[in-house]
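We begin with a single chain expressed as C-alpha cells, specifically the form predicted on its own.
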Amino acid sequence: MAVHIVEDDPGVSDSLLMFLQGMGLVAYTYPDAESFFEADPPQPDDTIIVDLLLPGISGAGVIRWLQELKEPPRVIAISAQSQSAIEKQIRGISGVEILRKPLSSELISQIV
C-alpha cells in the first residue's frame, strides 16, 4: 500500500510526506493533477490524499478520474475552504472522505 499526496502547497505536502513515512508507509507527492496523471496509476489498495483546490485540473477532477479506474483506490479530499464550497466541488461524487485543513497528526494517523 502506498499513499499518494496531490497537494500544491509544499509545506502541507512535505509535512504529510514526512509524517506518513515516519509511520512506516510508502508515500509520494505530486504538486498538481497533471504530474499525478503522468505517474503510474495507483493500485486498488493505495490511498490518495488530494487537495480540492489545485492549479490546473481541480482535486474534484482527480477524484472523478480515480473513480473511473477499474478498481479505484481510497480517496481522502483535503481543503481549507468553507463547507459550502467543498460541497459544490464534490457534488455528484460519492465515497470520498473529507478532511478540513489544518490537518492534525492524530487525525491523519487515524484515517490512514
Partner chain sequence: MVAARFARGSSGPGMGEAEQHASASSSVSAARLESVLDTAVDAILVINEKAQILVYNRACEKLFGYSPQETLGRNIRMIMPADYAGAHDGYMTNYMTTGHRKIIGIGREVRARHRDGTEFPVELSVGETETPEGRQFIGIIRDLRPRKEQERRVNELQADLVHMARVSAMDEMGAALAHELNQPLTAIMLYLQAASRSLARSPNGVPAAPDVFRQVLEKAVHEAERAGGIISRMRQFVEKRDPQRRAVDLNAVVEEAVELTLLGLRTNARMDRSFAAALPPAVVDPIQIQQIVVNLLRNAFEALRDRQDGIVRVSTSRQGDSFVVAVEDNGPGLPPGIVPTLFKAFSSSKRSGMGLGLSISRAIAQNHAGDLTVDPGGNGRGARFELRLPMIAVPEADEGDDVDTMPAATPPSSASGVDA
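Quantities reported herein were computed from a predicted structural model and do not represent experimental measurements. Positions refer to the first chain, counted from 1.
There is another form of this protein, the form predicted in complex with the partner chain, and it is not shown here; the text below is about that form.
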Since only the chain is shown here, I'm wondering whether Q43 would be in contact with the partner chain in the model of the complex (any heavy atom pair within 4.5 Å). no
With a 4.5 Å heavy atom cut-off, would you call Q81 a contact of the partner chain in the model of the complex? yes
Can you tell me whether M18 touches the partner chain? I mean in the model of the complex, with a 4.5 angstroms heavy atom cut-off. yes
Taking the partner chain as it sits in the model of the complex, is E97 in contact with it (heavy atom to heavy atom, 4.5 Å or less)? no
Is any part of 9-30 within 4.5 angstroms of the partner chain in the model of the complex by a non-hydrogen atom, and which residues would that be? D9, G11, V12, D14, S15, L16, M18, F19, G22, M23
